[in-house]
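Single chain ahead, by itself, as structure tokens, in the form predicted on its own.
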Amino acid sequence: MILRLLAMLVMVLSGAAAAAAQQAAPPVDNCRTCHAQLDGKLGEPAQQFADDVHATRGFTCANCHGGDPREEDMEKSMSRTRGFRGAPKRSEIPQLCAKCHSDGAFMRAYNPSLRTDQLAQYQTSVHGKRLSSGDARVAVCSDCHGVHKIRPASSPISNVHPQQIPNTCGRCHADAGYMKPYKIRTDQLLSYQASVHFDKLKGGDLAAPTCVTCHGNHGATPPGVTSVERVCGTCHVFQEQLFDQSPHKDAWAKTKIPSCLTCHGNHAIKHTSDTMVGTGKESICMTCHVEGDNGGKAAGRIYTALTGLDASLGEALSVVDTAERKGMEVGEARVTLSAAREKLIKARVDLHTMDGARVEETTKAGEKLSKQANQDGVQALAEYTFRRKGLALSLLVIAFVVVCLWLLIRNLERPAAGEETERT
């Protein structure tokens, strides 16, 4: 009886092991095996597919191209009766990808967090609309994601990784010959690469805006004139809210000129500076205003307030740095300086209201803090000077005492006159 139970247990375990081995074994893909032995264009897909995100999840060539990958006979495996469709036409690619990617139940087994409305979004995009009208030159899924070497978006070498997106979009949009029929500019990539956004992205900030941040990805569409402010406001929330409180809000609404773009540009957004306001040569305000009108006066007032606080901060920082280099404790002054700098940052954001009084109120609070930090630094330097003088005086006293002691000891060691005569 015991032997029979042991035999049954061995059979059960063997069956489970065999089932596990069968489940773990990669699917048979004779298409890939055969093509991997070929050269050139026929061999590259099989070689590239090895690290494709679909291959790592157990998909085979047949999932996209059809046919029977288990069949060793080429004619049978590529038979139309077995569903073989070969390379899809460009116009068929979105629907082909959507066969899986639009199926929520299917995708949940592989990546529950991945959205399944990409096709619906694509059909609303400028690319999707042109494709449906018969223009097969526009971007489809494979143009952005790749074909046989697709990587997850989180991979640094993925075509749709944030740091790769500008070049991915630029492959078409920076090609003057390819874009010629559409009569749109092709300097967007070069302009973006000169922007503050690209500097942040290049520095490793993956949250920095890229093409898809402003234009969308699957539903890519150029922002309309009336939507530019809202697009910028998705990141620059406070600036948008303050702009809505400014006299510029109604003025731009009447002229229907893009608001944020007028001052900052779109692709080539530069680092901002206080010289952008005011009445100087670099002032953007003066492109619409003159020095004597209300806008020019407000701009001059704001510029004076901002540069005044910035200069005050620079002076205070210099004093505090000097005190710290001399070994003085300036921790409290540093905290005060930080609070003053926050006021400057806030004032630079407040300027979007174009309210000179509001900006001045913020900068005055910052100047008060800056002066306090400066005073703390001056006091630290005064204490340093006092300590130095005290140390010098102490050293002089100590030196005087040492000399006196030395003279006293020398006098004590010298023999008295009577003792000297007696020895003689």
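Position 1 is the first residue in the sequence shown; the rest follow in order. Just so you know, these numbers come straight off a predicted model, no measurement behind them.
One more form of this protein exists, namely the form predicted in complex with a small molecule; it is left out here, but the text below deals with it.
Just one listed stretch, out of 393-401, 377-385, 364-372, 56-64, contacts the small molecule in the predicted bound form at the 4.5 Å heavy atom level, and that stretch is 56-64.
A heavy atom within 4.5 Å of the small molecule in the predicted bound form is found for exactly one of V335, I157, C100, A311: C100. Of the candidates K256, K281, R325, H271, H271 is the one whose heavy atoms come within 4.5 Å of the small molecule in the predicted bound form; the others do not. Taking non-hydrogen atoms only, A251 approaches the small molecule to within 4.5 angstroms in the predicted bound form. Among heavy atoms of R358, none comes within 4.5 Å of the small molecule in the predicted bound form. In the predicted bound form, the small molecule stays beyond 4.5 Å of every heavy atom belonging to K343. In the predicted bound form, the small molecule lies farther than 4.5 Å from every heavy atom of V330.
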